[in-house]
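Given next, in structure tokens, is a single chain: the form predicted alone.
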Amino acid sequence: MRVILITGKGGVGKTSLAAATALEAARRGHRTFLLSADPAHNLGDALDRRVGAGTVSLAPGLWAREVAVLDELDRSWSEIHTFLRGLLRESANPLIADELLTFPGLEELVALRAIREVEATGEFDCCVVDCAPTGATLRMLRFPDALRLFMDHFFEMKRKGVRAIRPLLERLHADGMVPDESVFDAVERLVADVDAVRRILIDGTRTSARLVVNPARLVVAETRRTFAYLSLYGIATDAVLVNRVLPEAASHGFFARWAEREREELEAIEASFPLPRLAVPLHEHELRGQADLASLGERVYAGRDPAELFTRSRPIRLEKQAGRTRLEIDLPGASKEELELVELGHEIVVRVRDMSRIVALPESVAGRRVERARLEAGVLVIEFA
């Protein structure tokens, strides 16, 4: 199944373009699923119809749903949800207990699981994901690493500790304060689901991100960082959708100075993203409803199939050159002052600004000393002894 992640800074128009991409993919004959992973869902607003937690048919060959955190917990991980709800209701007003269950990171976890669920049906050729704004999307992509770290270092220790003290708690009638084995089993299933999604996301033969950017300085700067972070997490970006470009007529009169600044930003976008760039003009009215968005999809892709992989790349590569093994990570736009590298046995931690990624090393190089690391034209090259 082809997976297309549509992401960008909040307010750039990513939801409209995600819907337009899905509508155009369906029009071209792909069985398409449009998934909203944004906690502040506005997919229904863009389509001018209700889209909820249940799957709805939008058009021939196109289905959609919005990920609902509490519904997903009840449906997929009821053991975890029941345990957490019981804990909260001991100390919180029952009316707000469910709201408190939406703790940080839960939306991202559920969104990951939803992608896996769509693929598991075997019924779809393409899944278009309307991602949360970039900050939340990056948390979603970081979640598998964080979860793996928890499982490797804390999970079994916690499980054994609970087994040891449960008899005492049962005698004190306080056993409801610790999870039983079904909860631990549910956590293991959850981890397996998330790991399956991680494998989907880093598979560059079928998964890619598309960055939505407006020709405005702050938006371009954040999108550059997102481009680097996606590469750090092994996600290939295959195109940039440049949204709300002023028409040529705006280069005269009242908007002349604005148009001049926009031209500068368009040049910066061209220099920053060596990818196909699809321009989306600023429209005279707000685009709303399936007819508007279907027309937008046809115009944006201009005869190209949106399910096509526009650029083939591997952001993280392990190669041999002149008898030496080297790990290469694409980090477009990063500078060496922003980079930090830490060796941890079978893993390397790469930090770029405030984002970090644990890169697991294969057995052939695990434990070898890093002999040299350098940044060359936006690529971090790590050579092993």
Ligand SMILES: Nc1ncnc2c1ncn2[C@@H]1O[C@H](COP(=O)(O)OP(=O)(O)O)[C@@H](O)[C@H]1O
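In this text, residue numbers run from 1 along the sequence as written. Note that the coordinates shown come from a computational prediction; the quantities given were computed from them, not determined experimentally.
This protein has a second form, the form predicted in complex with the named molecule, left out of what is shown; the following refers to that one.
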Q. Taking the shortest heavy atom distance, is residue 285 within 4.5 Å of the named molecule in the model of the complex?
A. yes
Q | 4.5 angstroms heavy atom contact with the named molecule in the model of the complex for residue 21 | A | no
(Q) Can you tell me whether residue 362 touches the named molecule? I mean in the model of the complex, with a 4.5 angstroms heavy atom cut-off. (A) no
(Q) Can you work out whether residue 280 and the named molecule are in contact in the model of the complex, taking contact to mean some heavy atom pair no more than 4.5 Å apart? (A) yes
Q | Single option in 356, 42, 321, 55 placed near the named molecule in the model of the complex, where near means a heavy atom within 4.5 Å | A | 42
(Q) If contact means a heavy atom within 4.5 Å, which one of 194-202, 260-268, 217-225, 241-249 is the stretch that engages the named molecule in the model of the complex? (A) 241-249
(Q) Where, within 347-368, is there a heavy atom within 4.5 Å of the named molecule in the model of the complex? Residue list please. (A) none
